[in-house]
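First structure 1, then structure 2: two forms of the same chain, each alone, as structure tokens.
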Structure 1
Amino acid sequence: MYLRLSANPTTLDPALIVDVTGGSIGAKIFNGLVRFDENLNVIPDIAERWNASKDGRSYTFHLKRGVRFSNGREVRASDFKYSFERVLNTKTKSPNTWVFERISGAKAYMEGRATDVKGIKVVGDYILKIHIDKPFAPFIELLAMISAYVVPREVVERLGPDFAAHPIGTGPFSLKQWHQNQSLVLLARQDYFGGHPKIKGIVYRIIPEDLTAVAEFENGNLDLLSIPSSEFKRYTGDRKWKGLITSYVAPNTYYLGLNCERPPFNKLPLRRAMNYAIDVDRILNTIYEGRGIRALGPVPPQLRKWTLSKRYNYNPEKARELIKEAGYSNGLSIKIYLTSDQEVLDILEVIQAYLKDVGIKAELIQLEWSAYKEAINRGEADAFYLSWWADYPDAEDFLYPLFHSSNIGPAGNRARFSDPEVDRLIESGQAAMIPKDRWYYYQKAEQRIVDMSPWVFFWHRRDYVIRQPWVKGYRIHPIYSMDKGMEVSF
């Protein structure tokens, strides 16, 4: 199967992956203890079963026997202990430590006060026990995340940093070759414990330009294509292709992040001004062609179990008042960072015009994906265009990583937002084992986040994927890491 990537993956090391591109490929190379089914329920993966203690603090996993890495070695419980501790090890420099930091002893291990994480116990070759410091309702869902995938210690230690480009996992596919910025080839494994893939392999072709990708698709050189905005009307209005289009509103949120840590966006009135200055509804319904749902806050509607009233409408006069209140009577200049993607540039140029109208001169700085991510992780940008996609189907995934002060930087809080009350509300929700109690705290947290405006909230995108007539069994998965590539055939 031939697929398109618009940018070169940053890494294929599960401990380091934080993006959708890397995650979608990594899901085909690796496995975890558990995974999600199509109804977003947690089901067995390498663990054949598990049980949790009544107090919600201890989990015991029984592993399937005969699960093998692509180098032929069988997976043992000790491999999971190593993989989890590797993420927590400061030498790994993983941005995903938050996934495991609730495990008892994780903090001591990260600070070098312990040689291992006491809350991860290996009980024989096929039993793993995990103890967490306090009840955390979504914990089992965290273990379905990419960073919880198992890796072979001997290969990681032999390759060192090169493991990111030469990964070995337990998944249905193995990496054959990766030509940087050109292509990446996966081969189907015949010894995969979950059955045989129906295709021989996957070739990811790295094609940055939409027009080139469209031409390659129409020439039959790509089997699937995420429809570029420039071609949306043509494909959806063409009888030839209309029946070959699949769409789904995935749990995601698109936004303009505002760097709250330093001027100018350390001032709340200016952040609110940004939300009033941009006519998000008009952008969504015109240049974005209605390919999404307006975001009222960070949490996608599928995961929000409460109501949230609309906080901002387009109001340039209000924006000008707030800009003056923030101390910028003569206007100001900002730098907005974005990826080298034509659709994103088109959107940002419209936003640039809206901001100019209220006295904000925005310089657009385009970078390729790796350089872009590094820049916003460092807090270099005044503002930046980005999205967040669910790693696990819980509102907490759109609150804790993105807005808790402990996650400022690469872990997700790239707006560098810090508010003690938001931290408290999120933590209270995490500890509440009764769903209604959790929703109460999450509602309060989301409403306060919207009021504090660390983002301009845009939309939840609807994905449209077009397939060739010979492609069978394709469907869009609610969470990108769910797609193992096992269902598609020709």
Structure 2
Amino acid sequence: MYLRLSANPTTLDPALIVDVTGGSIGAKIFNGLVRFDENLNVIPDIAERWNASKDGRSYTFHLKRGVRFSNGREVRASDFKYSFERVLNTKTKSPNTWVFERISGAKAYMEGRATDVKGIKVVGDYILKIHIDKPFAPFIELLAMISAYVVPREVVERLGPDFAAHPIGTGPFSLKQWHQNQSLVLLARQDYFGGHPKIKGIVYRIIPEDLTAVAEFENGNLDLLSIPSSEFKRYTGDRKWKGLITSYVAPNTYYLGLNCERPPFNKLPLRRAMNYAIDVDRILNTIYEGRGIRALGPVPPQLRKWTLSKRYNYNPEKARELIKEAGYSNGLSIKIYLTSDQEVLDILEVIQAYLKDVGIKAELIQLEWSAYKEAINRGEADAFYLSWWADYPDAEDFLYPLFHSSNIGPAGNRARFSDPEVDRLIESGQAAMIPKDRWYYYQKAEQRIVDMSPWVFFWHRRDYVIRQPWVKGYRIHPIYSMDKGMEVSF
């Protein structure tokens, strides 16, 4: 099967992967203790079963027997201990240490005060126990993440940094060849513990330019293609292709972050005014061509098990009133930061016009990605356009990193929002082991966030994938970086 990647995956070492590209390939080469099914439930992967203690602080995993790395060696519980500690080891330079930071003794190990992580215990060849400091409801979901995949110690130690380009895992596919910036070939394994993939292998071709990828697809050289936005109208309007398009709203939220830490957006009425001043529905249905659903709050609808009582509707009159209330009756000017992406610029220019209409003069500052990220991490922007994609499919992932005051800056809370009430609600939710209780706190937290308006809430983007007529059994995995590629066939 031939697929397109728009960029060369930087690394295939699970400890280092942060991009979707690397993640989607990593999912095919590696496995963790658990994984997500298509309904976003946690299901067994290498772990056959597990149980959590009543206090929510310790987990026991029973591993399947006969799970083998592609070098033939069987996976033992000690491999997981090694793999998790490796992520935490500062020498690994992993950006994903936060995944395991909650395990007892992780901090001591990271700071070099311990030779191993006390909270990860190998009880037997096939039993692993993990102990965490405080009860944390989404913990089991963290273990489904890429950084929690198991790697074979002997290979990692032999290859050192070259493991990133020559990964060995337990997954349904193994890496055969990787020409950097050109192509990457995976072969289906015959001895995969989860059955045989229906395809022989996957060839990823690295094609940076969208139009080129379209040409390759139409020549039949690609089996699947994520539809570039410039081609969206053409494909969805074409009878020939219409029936071959699959779409799915992945857990994501697009927003305009407002810097709550300093004037002018430290004033609540002004933040609310921003939400009233912009006709989001209209933008979504015109420039965005309806490729998404309206966001009412930060949490994507498939992860929200509750309803929100308050929502913003376009109301410029109200916006003007609120601006007056905030003390800016003579108008004000703000700087909105954005990346140098044409689609983003188109959207922001419309927003600029809406804001002008209520007396806010918005200056658009386009920066190249790296400079942009640095600027917004530091809180240089009054407002900025950004999106958040789920690390794991849980509402918590859209609340804690983005709005908890301990995460201000690069950890996710770039609106620099700080509210003791929201902090408390999120923490209570994290500690609540019964789902209903958890949702109660999350609902309250989300409701308060909408009310405090540190963002202008935009939309949840819908993705479209087009396939050739001969591709069968294809479905977009809700977290597509977690698709194992087992169902698709010709």
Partner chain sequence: MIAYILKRLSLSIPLLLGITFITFALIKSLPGDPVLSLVGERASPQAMEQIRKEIGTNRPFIAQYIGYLRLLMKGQMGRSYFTNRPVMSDLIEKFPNTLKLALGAMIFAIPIGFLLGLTAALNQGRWADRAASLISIGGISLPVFWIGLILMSVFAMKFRWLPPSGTGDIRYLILPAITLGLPSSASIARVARTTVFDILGQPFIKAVRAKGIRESGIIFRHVLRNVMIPLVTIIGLDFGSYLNGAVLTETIFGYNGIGRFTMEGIIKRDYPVVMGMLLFGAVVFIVINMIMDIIYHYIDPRLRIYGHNK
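Because the structure is a prediction, the values reported are computed rather than measured. Just so we're on the same page, rigid core means the largest C-alpha set that superposes within 1.5 Å between forms. Residue 1 is the first residue of structure 1, and the numbers go on in sequence order from there.
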### Query
The form predicted in complex with the partner chain: 1 or 2?
2
### Where one rigid part turns on another between structures 1 and 2: hinge among I202, R416, D223, R462
R462
### Message
With the larger rigid part held fixed, what angle does the smaller part turn through between structures 1 and 2, rounded to the nearest degree?
### Response
24
### Task
For S387, give the CA shift between structures 1 and 2 in Å, the superposition being done on the rigid core.
3.7
